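Only one chain is included here, represented as structure tokens and corresponding to the form predicted alone.
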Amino acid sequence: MKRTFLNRILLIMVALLTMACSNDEEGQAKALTMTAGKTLVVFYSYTNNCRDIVTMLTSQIEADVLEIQPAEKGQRYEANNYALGTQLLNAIKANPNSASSYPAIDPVATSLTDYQNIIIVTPLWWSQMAAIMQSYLFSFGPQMAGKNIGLIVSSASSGISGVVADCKRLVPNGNYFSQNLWINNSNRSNRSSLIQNWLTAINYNSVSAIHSPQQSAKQSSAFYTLSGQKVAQTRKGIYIVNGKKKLMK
């Protein structure tokens, strides 16, 4: 009788431990899935440096791309010691809460609803975010609330703290990744490895979003453990497949 009673107690304890582990796995999977959502790369490029960065970035991750264009074409923002660029920035700085302060951009049809991750790639103008990108974020920044925000800044040499401040002003409720990426004239030739290291640093590669340029469609359905490790053969348990959790029985 005593042995039967003890066996029942042991069975109950095992069941409770199993439920606890299951809940832990569910919690981990949920955290990873949040980062594994669809990614949008938004960029503006004046000298093509940001365009090159986006090309390199999208060779390493799966993402949709949206290019922001000024409504008025052919402007030389750098002419006369950046006279026009400075004028646009000063107008924003004087009244940052007014839509009329921001230069017009081409209409944007891309909806942000389906994207969990948004990576903003922008040039730096006189220690501030380029006015054209500020125009986009002024209009669409509120729709980025609760989304994961990454920031990549291209500049000649100036630090990016001003651009970071502009981004957080325009997207105040975003979930910013732990680090921003600064690509400048001194490290531009290493941008591929810089991007790869940045993706690792912000834990973007904890899910199956990263792929190599040669990755096939079949490979993109690979199985990953909840800790982000790719597995060749699955067993019973929960795995991450294409950014979603899957229970293998």
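Just so it is clear, the model here is predicted, and its values are computed rather than measured. Just count from 1 along the sequence shown to find any residue number.
Not on display, but discussed next: the form predicted together with a small molecule.
The candidate spot formed by 82, 85 and 124 lies fully in contact with the small molecule in the predicted bound form, as each residue has a heavy atom within 4.5 Å of it. The small molecule is not drawn, but in the predicted bound form it has no heavy atom within 4.5 Å of residue 71. The small molecule is not drawn, but in the predicted bound form it has a heavy atom within 4.5 Å of residue 44. Taking the partner from elsewhere, residue 110 is found to have every heavy atom lying beyond 4.5 Å of the small molecule in the predicted bound form. Using a 4.5 angstroms limit between non-hydrogen atoms, residue 148 is distant from the small molecule in the predicted bound form.
Residues of just one listed stretch (126-134, 110-118, 95-103, 170-178) have heavy atoms within 4.5 Å of the small molecule in the predicted bound form: 126-134.
This chain is displayed alone, yet in the predicted bound form one of 158, 139, 75, 90 has a heavy atom within 4.5 Å of the small molecule; that residue is 158. Between the small molecule and the residues 66, 202, 195, 50, the one pair within 4.5 Å by heavy atoms in the predicted bound form involves 50.
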